[in-house]
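Have a look below at one chain only, the form predicted on its own, in structure tokens format.
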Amino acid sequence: MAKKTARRKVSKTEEKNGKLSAKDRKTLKSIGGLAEGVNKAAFRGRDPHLEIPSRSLSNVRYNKTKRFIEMGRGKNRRELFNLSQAKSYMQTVLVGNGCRQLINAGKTTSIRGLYYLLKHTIEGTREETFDEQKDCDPIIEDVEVMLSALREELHLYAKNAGAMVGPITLVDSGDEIDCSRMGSGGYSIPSIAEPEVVQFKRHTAKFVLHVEKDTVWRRFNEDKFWQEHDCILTHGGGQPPRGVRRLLHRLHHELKLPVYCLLDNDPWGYYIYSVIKQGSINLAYESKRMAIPAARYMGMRSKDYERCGLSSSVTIGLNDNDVKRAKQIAGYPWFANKKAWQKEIDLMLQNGFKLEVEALINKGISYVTQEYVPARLDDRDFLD
């Protein structure tokens, strides 16, 4: 009679892990590696510590070949037995463990939800793990960069803050959505826009027009600009959140659609364009999945005051902070050697005022959709 082979009982966690995606298993492995490093240090009698890549301007460089921001090799050491770092060390490990729980459970939560999941009074003390959410948020970013994982891969999301409309059909969490039939509010761009959640099915769009604000987006949607010009129309409610930037990146790289940005003629509008095009300092390690170096600025220009015959009543005077910010942006490596951008910023400073896209309504309710943007498209009048 054949000898029976003893079978090891499979744990519930292992059973769940077998159903996880390859990306989830990879993220869990990274979190496990973090915990293993802490254990090894403790068992060897060494001070447990974490090496966290520095998310500072000094640790960021502009890659001229790739044309986006990259993170350098600088790191900050966070030690358990350093009194000034002990709490942040503990918080970092807590966040990593909280994300592990979410992934194993196959659940997602908001960054606010994670804050409450981890918040408690430390036994034997009156000390809270986190006093406020603002104490938790930067730790989440530390864990992201330390594990080289997007927040979405840690099963965390932020609130939706963007919309899309146009001739494209997609699948979101299994539901097919026709973005040309989404009414006045459009399709709400999710915080997690990864291929596992959102898949593109079919489209007839020729380009993507990203506008800065919901108010301007609504004018374009109401006037059916996207229908007349065969484009996808998006907005990010000002500074576009990560879900919007990730979706724009995918529309450009996967569907090969040009991305044009209609933004205000002010330092904030310039900065938004910079983030979409080259990436941001905090997310420099993920520029390859966020930045769109080929994006073009089609926003308000300093010369539009005269070109469009605008009234002085629609101008907004520059304050000291605007001037300071404009000069900083002019010094960015990706703008410093571009004569067109230097001329643009110089003219705004000479004018002494900034212009919002909404100022064009002074020329007519639909001037921006029927004359301004169509003329910019016909003339190929963009800034790189």
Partner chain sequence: MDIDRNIEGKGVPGLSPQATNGKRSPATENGRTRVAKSGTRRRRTTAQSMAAQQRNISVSEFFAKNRHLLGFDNPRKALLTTVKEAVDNSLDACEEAGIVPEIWVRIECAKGNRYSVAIQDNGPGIVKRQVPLIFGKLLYGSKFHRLRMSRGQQGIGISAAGMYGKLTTGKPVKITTKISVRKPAHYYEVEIDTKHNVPEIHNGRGEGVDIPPGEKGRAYMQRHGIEWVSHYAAAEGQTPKELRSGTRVTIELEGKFLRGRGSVDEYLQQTAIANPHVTLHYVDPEGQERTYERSTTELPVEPKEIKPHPYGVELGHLVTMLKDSKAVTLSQFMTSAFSRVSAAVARRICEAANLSTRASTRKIGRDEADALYQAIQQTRISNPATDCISPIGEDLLLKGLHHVVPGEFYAAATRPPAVYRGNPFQIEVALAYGGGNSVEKLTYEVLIELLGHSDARTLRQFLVNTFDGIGSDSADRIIKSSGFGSRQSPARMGPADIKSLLDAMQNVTLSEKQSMQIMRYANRVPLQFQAAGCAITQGVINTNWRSYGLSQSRGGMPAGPVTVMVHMASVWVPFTSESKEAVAAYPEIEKELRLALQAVGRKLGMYLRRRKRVKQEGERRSIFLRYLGEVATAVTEINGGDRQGLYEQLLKVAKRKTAEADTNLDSRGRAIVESDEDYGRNVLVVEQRPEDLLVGLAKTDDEQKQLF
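Residue numbers count along the first chain shown, from 1. The structure displayed is predicted, hence computed values, not measured ones.
Beyond what is shown, the protein has a form predicted together with the partner chain; the following relates to that form.
- Listed residues Ile111, Val145, Val93, Ile192 were compared with the partner chain in the model of the complex; Val93 is the one with a heavy atom within 4.5 Å.
- Exactly one listed residue, out of Thr204, Gln239, Gln101, Asn76, brings a non-hydrogen atom to within 4.5 Å of the partner chain in the model of the complex: Gln101.
- Of the candidate stretches 309-317, 118-126, 204-212, 269-277, only 118-126 contains residues with a heavy atom within 4.5 Å of the partner chain in the model of the complex.
- At the 4.5 Å threshold, heavy atoms of Lys87 reach the partner chain in the model of the complex.
- Though the partner is left out of this view, Asn337 does not reach within 4.5 Å of the partner chain in the model of the complex, counting heavy atoms only.
- Proximity of Leu349 to the partner chain in the model of the complex: non-hydrogen atoms within 4.5 Å are absent; the residue sits far from the partner.
- A residue is said to contact a partner when one of its heavy atoms sits within 4.5 Å of a partner heavy atom; Glu51 fails this definition for the partner chain in the model of the complex, lying far away.
- Site residues Ser180, Ser184 and Asp230 are none of them in contact with the partner chain in the model of the complex, judged by any heavy atom within 4.5 Å.
- If you take 19-57 and check each residue for a heavy atom within 4.5 Å of the partner chain in the model of the complex, you get Ile31, Gly32, Ala35, Glu36, Val38, Asn39, Ala42, Phe43, Gly45, Arg46, Asp47, Pro48, in sequence order.
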